[in-house]
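Single chain ahead, written as structure tokens, the form predicted on its own.
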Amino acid sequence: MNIMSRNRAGVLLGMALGLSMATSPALAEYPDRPISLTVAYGAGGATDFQARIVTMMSAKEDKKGNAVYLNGQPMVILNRPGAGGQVGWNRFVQRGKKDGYELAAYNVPHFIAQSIVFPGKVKYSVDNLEPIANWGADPAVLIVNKDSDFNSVQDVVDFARANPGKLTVSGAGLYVGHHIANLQFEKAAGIKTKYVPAGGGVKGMQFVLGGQTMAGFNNLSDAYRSRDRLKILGVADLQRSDFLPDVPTLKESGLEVDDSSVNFRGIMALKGTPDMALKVLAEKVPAMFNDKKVVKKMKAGGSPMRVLSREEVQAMWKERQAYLTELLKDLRKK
């Protein structure tokens, strides 16, 4: 190759490298535009309600106009409800971009349980998703209408034992936390119920309030906000909630029900998202969750917080995957 050719090649290589460097996500200022957040549940439900609170400070600036969290960029909520989260999460993994600008809210045990039970139907699993951070842990609670004759967990159990298969229980969907709580409830009490997947927590709540079902498992946070119209009989967790200190756990009511159905919520990306974007998100998102305005609003809404780092969520996902595989194998034998 002569000198002129080498020079021309060098210029072209330099232009190519320059273009690559200019567009490389590793060197770009991330984020430089709004970030979308898919919520696989309907507007007004607990996940949507909380997602809007925990992301509201995304574009926050200090008094000098400097970005505090995500470079001054907002997070925009996209609701894609259906089939207990399956519609939104399937769409996210099949059509989402791995650029750090398309994220989704996760619910555990929901998406992990569904990937175990419906491996051909759902396209998502812990293998093609990347956790960013966790904002909360919302237990399932056993609820009945305020006018119900049931005044305790034992009342519900007694009716179900005397009337096998007659007790109707609503929940957000199949193999979400509500369904898992009901499966555990059935096994622990030695009863059989008619579980009604309502297509979302809001509808599940409406079924109880409207008398379409005799009882329901729903999110503590949603039940707390509707407590004037409900009786909250028991909490599917290992300890009582600070929001409902007078409501016993199911275990205190004599049933061996643990915290497997507690709904962990957070933000995730697609596997293959640039490391730089994941690093920024992993650093900034937990801090955003802990913003004092976020914490105040979450508390006012009866929404339990449990902020976990990316590494802590990775460990939680791994533990839940192993645990739910065994738990569901046992519960589905019924």
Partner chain sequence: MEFIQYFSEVFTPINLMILIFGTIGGLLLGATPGLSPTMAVALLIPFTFQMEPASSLIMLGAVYTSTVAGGAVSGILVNIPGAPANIATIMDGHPMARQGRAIEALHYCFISSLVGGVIGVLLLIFFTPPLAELALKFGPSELFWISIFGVTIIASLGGGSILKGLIAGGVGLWLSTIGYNPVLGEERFVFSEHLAGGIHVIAALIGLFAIPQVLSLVSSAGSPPGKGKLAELRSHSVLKSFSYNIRRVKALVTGTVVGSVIGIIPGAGGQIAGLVAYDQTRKMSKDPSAFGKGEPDGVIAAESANNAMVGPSLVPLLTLGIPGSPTAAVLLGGLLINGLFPGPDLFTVHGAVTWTFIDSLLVGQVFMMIFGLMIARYSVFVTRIPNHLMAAAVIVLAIFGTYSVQNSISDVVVMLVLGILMYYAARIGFSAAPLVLGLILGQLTETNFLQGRMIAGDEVWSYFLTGPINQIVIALCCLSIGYSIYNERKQIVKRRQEARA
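A quick note: this is a predicted structure, and the numbers were derived from the prediction, not measured. Between two forms, the rigid core is defined as the largest C-alpha subset superposing within 1.5 Å. Numbering follows the first chain given and starts at 1.
Although it is not shown, the form predicted together with its partner chain is what the next lines describe.
Using a 4.5 angstroms limit between non-hydrogen atoms, Leu78 touches its partner chain in the model of the complex. Remark: Asp228 counts among the residues lining its partner chain in the model of the complex, judged by a heavy atom distance of 4.5 Å or less.
Contact annotation for Pro119: none of its heavy atoms lies within 4.5 Å of its partner chain in the model of the complex. Of the heavy atoms in Gly190, none are within 4.5 Å of its partner chain in the model of the complex. If you check its partner chain in the model of the complex, you find no heavy atom from any of Lys60, Ser261 and Arg310 within 4.5 Å.
Only one of the listed residues (Arg306, Arg52, Lys271, Lys279) places a non-hydrogen atom within 4.5 angstroms of its partner chain in the model of the complex, and that residue is Arg52. Proximity to its partner chain in the model of the complex, taken as a non-hydrogen atom within 4.5 angstroms, holds for one residue of Gln154, Asn71, Thr168, Ser148, which is Thr168.
From the list 208 to 216, 230 to 238, 252 to 260, 133 to 141, the contact stretch for its partner chain in the model of the complex under a 4.5 Å heavy atom rule is 208 to 216. Although its partner chain is not shown here, in the model of the complex the stretch 185 to 215 places heavy atoms of Lys194, Tyr195, Val196, Pro197, Ala198, Gly199, Val202, Lys203, Gln206, Phe207, Leu209, Gly210, Gln212, Thr213 within 4.5 Å of it, in sequence order. With the core held fixed, Thr213 shows a CA shift of 2 Å or greater between the shown form and the other one. Put the two forms on the same core and the Cα of Asn163 is off by 2 Å or more between the shown form and the other one.
Core-aligned CA deviation for Gly204 between the shown form and the other one: 2 Å or greater.
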